[in-house]
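The chain below stands alone and is given as structure tokens, in the form predicted alone.
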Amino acid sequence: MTDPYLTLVTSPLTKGLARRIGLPRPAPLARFRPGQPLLAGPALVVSGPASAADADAVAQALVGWDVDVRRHPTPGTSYAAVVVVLTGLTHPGELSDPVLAAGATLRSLARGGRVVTVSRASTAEVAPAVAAARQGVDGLLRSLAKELRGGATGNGIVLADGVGADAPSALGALRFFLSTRSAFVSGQLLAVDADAGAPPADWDVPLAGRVAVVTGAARGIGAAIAATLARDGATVVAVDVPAAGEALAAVANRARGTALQLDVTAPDAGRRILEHALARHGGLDIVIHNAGILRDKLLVNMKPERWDAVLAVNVAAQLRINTELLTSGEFTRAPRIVSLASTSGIAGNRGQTNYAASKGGVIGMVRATAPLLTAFGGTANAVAPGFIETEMTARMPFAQREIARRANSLLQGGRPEDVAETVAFLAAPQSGGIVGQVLRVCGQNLVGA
């Protein structure tokens, strides 16, 4: 789906006029292409004295990824990324030097640049001054992300105490936030709870040797997820209802996987998914719960059939399938579950009580499911899209669609591949220390911010 306004204000013929009359001008976002370098310019890594050792570890990892790393800002240098390491904070007063040093570089941050903070979780178990300093990073990062321009994004990695800055999931999250894979992810703080996980043997195909099931795969976001997982090396089983059979077969063929026509609300859906994966591909490692429906109505006008259908597809089916997998004894090879939630499930949305209940339910489900998988090195997490350009959003009334598109820090809608890249990141081996989390793909949408 195209965005005519974005085209208008960035076209060589009309962008000058748009600038003169003061129209907001969203920057076209660069998306990931295989083979491109992680960063198209130098990265600056700054810290205070107490965080210097962790900053050294981060810098070393960047060097290993062929990034040109600088440890001190140099006037006149345009940076592709700025990483602010704040893991050793003991008082809010210690934020000043590293944060202001990073801030002084932002005027020359490259278009599509990245700012990433690395900090520690604020908990009730630490001293009040420590907790204040750590929580302060949350506020500054979310505000900083709203100040960035030119398609730049700001995100944070929040480490649990005892998790190193060079833990697999810490570095995996850093690489994701620095890359163009996270083009529509901004203003997010992702918790890393454990040292679990492992860097992939090949960052270009991190899912090699893994078998993944994608529900609702026939079109839109589901089709993009299937294509992205296949690009990253996974063998894909594409699942959708029989009515979408032709489109489903096309998706499976493009992904060089197999198609399974199936209603996910069927009582035996989990068993049939597992049997297909075992028979055709020898195992099952990744499940992406993408299938979902909308039946919007104000609650005062809500009919039971609308309410029940949304809850049945969007969350009850996932619960039933997960139970089948977790009790089968066949879902044990560092398994990954990634479920599609929504910003509506976080902040609510008028006319979507049923949808928000189902997506809020997904968030609760992954939080409670994640501990059940840790014995196998597994994880369960959720991705919460904001406004994504799909066939569904194309049917929204014009004014409502334009408001939804622009109500985020990047002033535009995301694409299905933005959701797919985030799903692939959470499904990858390096994300083993990220458990029960929700990562929003919304351009820092005001809804749920």
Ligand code: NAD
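Source: prediction; values computed, not measured. Just count from 1 along the sequence shown to find any residue number.
Only in words, not in the display: the form predicted together with this ligand, which the text now covers.
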- Item | Partner proximity in the predicted complex: residue 219 to this ligand, non-hydrogen atom cutoff 4.5 Å | yes
- Taking heavy atoms only, is residue 355 within 4.5 angstroms of this ligand in the predicted complex? yes
- Task: Although this ligand is absent from this view, report whether residue 292 comes within 4.5 Å of it in the predicted complex, heavy atoms only.
- Result: yes
- So in the predicted complex, does any heavy atom of residue 241 sit within 4.5 Å of this ligand? yes
- Query: Which among 65 to 73, 383 to 391, 35 to 43, 399 to 407 is in contact with this ligand in the predicted complex, heavy atoms within 4.5 angstroms?
  - Reply: 383 to 391
- Message: Give me the residue from 102, 313, 145, 196 that has a heavy atom within 4.5 Å of this ligand in the predicted complex.
- Response: 313
- With this ligand left out of view, choose which of 158, 340, 207, 85 has a non-hydrogen atom within 4.5 angstroms of it in the predicted complex. 340
- Considering only 38 to 67, what residues come within 4.5 Å of this ligand in the predicted complex, judged by heavy atoms? none
